[in-house]
Ligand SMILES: Nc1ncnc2c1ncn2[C@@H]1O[C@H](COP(=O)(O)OP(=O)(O)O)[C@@H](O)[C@H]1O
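Shown below, as structure tokens, is a lone chain in the form predicted alone; questions about how it binds or moves come after it.
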């Protein structure tokens, strides 16, 4: 029995008059309600289940199957008159409680208040369940209605669904399956956060594309999750082809992330490991923090969602708070997922009384969610000016670790040169006689002490412009001119970088390994 079934059975036994279940999965929750209501061991007194909707009226479990009770007051009158143990499930009844476009039906609310005492004191147990995709409670009934969480399907249910669909299609000769047990587990975990209906759509889409189901079709699952994200407008689904290998250096941080890959899956539970909460990456601007965030999404094969805190703030009272809750619900709905908050200090360092306390409330909501979230949503926050962040965000329990990204080391600069040159120079005629060797990149690294990754990229671009302007092959002297004409950030912002380093020295883990002291010098290369 699921947690929902146990909690629901306890509420029935305790004779709670009104139970509100917010979910899109109407049929799935109805099945669980019926199973629970007729289980004498769980509820002591088995109950019949009636369902009501404005289109079908009241439908019972046996003849006469239907009552002419399309009007809500008529249906509630039937509940009051019914003499046997029963559970009455009212679908989409929240519209009578008031919406943005419809006023509250005060007569219906008053009838429910009158009915509450009758349900509690009825000789035979009767309960009313409100079933809707959103939770809306009228003020008058807040003390009478109990809201019950209904979780999305777990990995076992999704796996059973996928295996059933595979068997059905294989028997009909309509599908070739190239999945092992491990691949099926990956598909099931990728579909977590979807309703069963959404998961079924995603699996069906993968199957009908070419009548073949292989490990590569996992992208269809992520396409379905992208649909969920697009509907919110607050968070953005980032589709990135950046690989971890495309990020030069930062080996400490990369190793930390590698050890936590797939730690939200079942095998990690054998070690008693919790899903990682997240990581805060701070340091010198332009040193690859945002690039790394995109690379983690590709490496972990999880949906990468970008939260733009600027979009959260709305012009109407209460809109901003609802927007942040909506964004966090979206991240949990597509979990396991990665939530990326870029330059977090700009969004959450707004202070104060000038906005009526809105930013303070949004910040508090975000912090509470980070502390208490149970869904596997990994938060990547990047910050250039960490001193602007409130101290509550930096304490243990919010993030698993805080990493400091310093100016690239000599070894890292050589890696960055190699990456950008190989990425940008595809034509052999442009390269000419130049060879992109470790020795050549090391020589360039020695000439660019204090350069950040973005500046190294621009050195490569500027060198290419030199060669393009004269319609010739690239020369090492082009790099030399580009380096000499660049004033690095480490010079223009020397005091600020010293402050950042001073803060991180005792408060953060360095993302990079330092260059080996006394390491042998790299061999000679053409002069830059």
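Note that the structure is a prediction, hence the values are computed from the model and not measured. Positions refer to the first chain, counted from 1.
Keep in mind the form predicted in complex with the named molecule is missing from the figure; the text below concerns it.
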| item | value |
| --- | --- |
| Contacting member of 418, 290, 169, 189, with respect to the named molecule in the predicted bound form [4.5 Å, heavy atom] | 290 |
| Option touching the named molecule, based on a heavy atom within 4.5 Å in the predicted bound form, out of 125, 278, 285, 336 | 285 |
| 4.5 angstroms heavy atom contact with the named molecule in the predicted bound form for residue 157 | no |
| Exercise: residue 247 in contact with the named molecule in the predicted bound form, heavy atom 4.5 Å | yes |
| Residue 273 within 4.5 Å of the named molecule in the predicted bound form, heavy atoms | no |
| Contact label in the predicted bound form: residue 384 to the named molecule, heavy atom within 4.5 Å | yes |
| Segment that reaches the named molecule in the predicted bound form - one of 358 to 366, 137 to 145, 450 to 458, 116 to 124, heavy atoms within 4.5 Å | 450 to 458 |
| Residues of stretch 479 to 510 in contact with the named molecule in the predicted bound form (4.5 Å, non-hydrogen atom) | none |
